[in-house]
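Encoded as structure tokens, the following chain is the form predicted alone, with no partner shown.
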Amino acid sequence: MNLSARMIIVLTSVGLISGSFLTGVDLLTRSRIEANRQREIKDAITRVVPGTETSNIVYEEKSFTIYEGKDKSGQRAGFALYTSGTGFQDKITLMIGTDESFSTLNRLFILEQKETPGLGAKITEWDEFLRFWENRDCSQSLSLRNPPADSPDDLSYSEVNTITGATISSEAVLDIVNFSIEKAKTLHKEGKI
């Protein structure tokens, strides 16, 4: 057997063994990864909809899911919107908590992002960004405050803070939130929720 044939056989064998190994690892870890993702989503729902004990999906499509949060007595505590959109670097996935009428944004939680470390990645930080989203009036579109305020009390009810040096990431989150809430309001008016 010549050298070329041996190289082809060895490389094909290595490729088949490696591919089989990766497929096996994927099959073994897929359910665990999905379970962790579901646990992370459940935790995010309880963070953004205060008083939630249980939740269930009331609307679902690609990259947009609405969960209904219920309290201990089974009464609706609000809605959680699981959604994603394009940020400065990559996709941003977040959970938005609202009241029953989609007029008050309870809280925002960033589940996944790949924004610039030290700048855009501050969208995940409570003190820098997320605390300014609590109890905002979203009966109309929210807007960014630029220059940023020092305290949430310095903002109007429909304003949220921008991050200095990361305006694009701040605007991306704002766009995702405004679009998602408007979509949920439309679905609610149409009786789909």
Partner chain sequence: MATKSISAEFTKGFWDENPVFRQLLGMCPTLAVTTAVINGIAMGLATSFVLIFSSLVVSSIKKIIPSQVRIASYIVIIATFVTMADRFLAAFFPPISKNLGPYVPLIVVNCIILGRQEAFSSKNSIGRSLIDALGMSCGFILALLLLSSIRELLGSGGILGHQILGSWFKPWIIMILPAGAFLTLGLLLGLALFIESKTKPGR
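From a predicted model like this one, the values you see are computed outputs, not experimental measurements. Residue numbers count along the first chain shown, from 1.
Below, we turn to the form predicted in complex with its partner chain, even though it does not appear here.
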item: F21, heavy atom within 4.5 angstroms of its partner chain in the predicted complex; value: yes
item: 4.5 Å heavy atom contact, R131 to its partner chain in the predicted complex; value: no
item: Its partner chain contact in the predicted complex: K62, any heavy atom under 4.5 Å; value: no
item: I57 within 4.5 Å of its partner chain in the predicted complex, heavy atoms; value: no
item: In the predicted complex, the residue from T164, S156, S139, N36 that sits within 4.5 Å of its partner chain by heavy atoms; value: N36
item: D26, E53, D43, E125 - the one with a heavy atom within 4.5 Å of its partner chain in the predicted complex; value: D26
item: Residues of stretch 3-32 in contact with its partner chain in the predicted complex (4.5 Å, non-hydrogen atom); value: L3, R6, M7, V10, L11, V14, G15, S18, F21, L22, V25, D26, T29, R30, R32
